[in-house]
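Encoded as structure tokens, the following chain is the form predicted alone, with no partner shown.
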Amino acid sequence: MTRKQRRIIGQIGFYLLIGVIFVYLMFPFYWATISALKTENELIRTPATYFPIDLTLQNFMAVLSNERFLRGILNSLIVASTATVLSLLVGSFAGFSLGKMRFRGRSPSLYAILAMTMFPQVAVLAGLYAVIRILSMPSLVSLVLSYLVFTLPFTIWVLTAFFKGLPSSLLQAAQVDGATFMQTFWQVLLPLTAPALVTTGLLAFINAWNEYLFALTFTATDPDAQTVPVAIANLSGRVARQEPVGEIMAAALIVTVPLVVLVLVFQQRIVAGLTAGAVKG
């Protein structure tokens, strides 16, 4: 076998591998889409059809007319947006301090923050639930504070790496020009961290938007505060004999497509933020 033939075989194998990975990743999304567009009779047909025969938007209309689902979307928007803003606000201060200032205990603090990102949710669920019950917090407030336990360490870690990579000459030049410490932070250094802010903010928002375990636990006694993952799960409990598979798939698409669009819109800033954090950290 010649060198050219081996190169052609290698290219064919590479594209076959890419095709297999693409189908593996996209098939669940494709199945959810066609299931949402099928009628109820077609959904229970055996064998299953890989293309909808009678296209229908009935599942989408049923979900969008469900008041509890719409309330869940509103609650998720409030909780995820608040948790993201607080993560970026606190994380930017902490990242600046850990990245640009020298003080005793800086390295142990970074290691402690890194360790917090590795705790499983179930390990802290019981303790958080006990504290929230003692303080009698509203459900939405308790969700925001509990989501910060997981979004804040990641935000601080990424922003610390990004602030550390910024040249110290910028900080010194601003101080020589008479800028105060806070003016240097807000007007000089923070705007330069826009890629990292977009990256960490979007990942924190997606994490809070999709979270299910805490939302299910903390809103068990307050149905009006349920977020959208819990609202979707409760769709299956309203029909006695048959689960509304089409409505569940339609609801999943409604809450997933906006996130996909956000990632596609900000993909360049996400890659820039992750790459900068990896190289300069």
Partner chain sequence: MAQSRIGMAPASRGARKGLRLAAREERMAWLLLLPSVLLLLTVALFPLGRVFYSSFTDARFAAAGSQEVNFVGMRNYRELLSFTLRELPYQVDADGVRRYDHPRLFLRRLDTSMSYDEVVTFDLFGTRYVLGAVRPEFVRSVIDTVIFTVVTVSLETILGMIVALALAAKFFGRNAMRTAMLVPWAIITVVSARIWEWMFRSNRSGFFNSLLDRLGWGDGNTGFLTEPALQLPSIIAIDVWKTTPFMALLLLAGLSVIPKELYEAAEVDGASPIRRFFTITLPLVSPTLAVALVFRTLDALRVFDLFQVVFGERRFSMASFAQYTLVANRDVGLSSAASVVIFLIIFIFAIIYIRALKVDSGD
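Keep in mind that this is a model prediction, so the values were computed, not measured. Each form is matched to the other, and the largest set of C-alpha atoms that superpose within 1.5 Å is called the rigid core. Residue numbers count along the first chain shown, from 1.
Another form exists, predicted in complex with the partner chain; not displayed. Remarks below refer to it.
- The partner chain is not shown here, but in the predicted complex it comes within 4.5 Å of a heavy atom of Ser35.
- Taking non-hydrogen atoms only, Thr82 never approaches the partner chain to within 4.5 angstroms in the predicted complex.
- Within this chain, Ala130 lines the site of the partner chain in the predicted complex, having a heavy atom no more than 4.5 Å away.
- In the predicted complex, no heavy atom of Val176 sits within 4.5 Å of the partner chain.
- Heavy atoms closer than or equal to 4.5 Å to the partner chain in the predicted complex belong, across 115 to 137, to the residues Ala115, Met116, Thr117, Met118, Phe119, Pro120, Val122, Ala123, Val124, Leu125, Ala126, Gly127, Leu128, Tyr129, Ala130, Val131, Arg133, Ile134, ordered by sequence position.
- Core-superposed comparison between this form and the one not shown: CA of Leu16 displaced by 2 Å or more.
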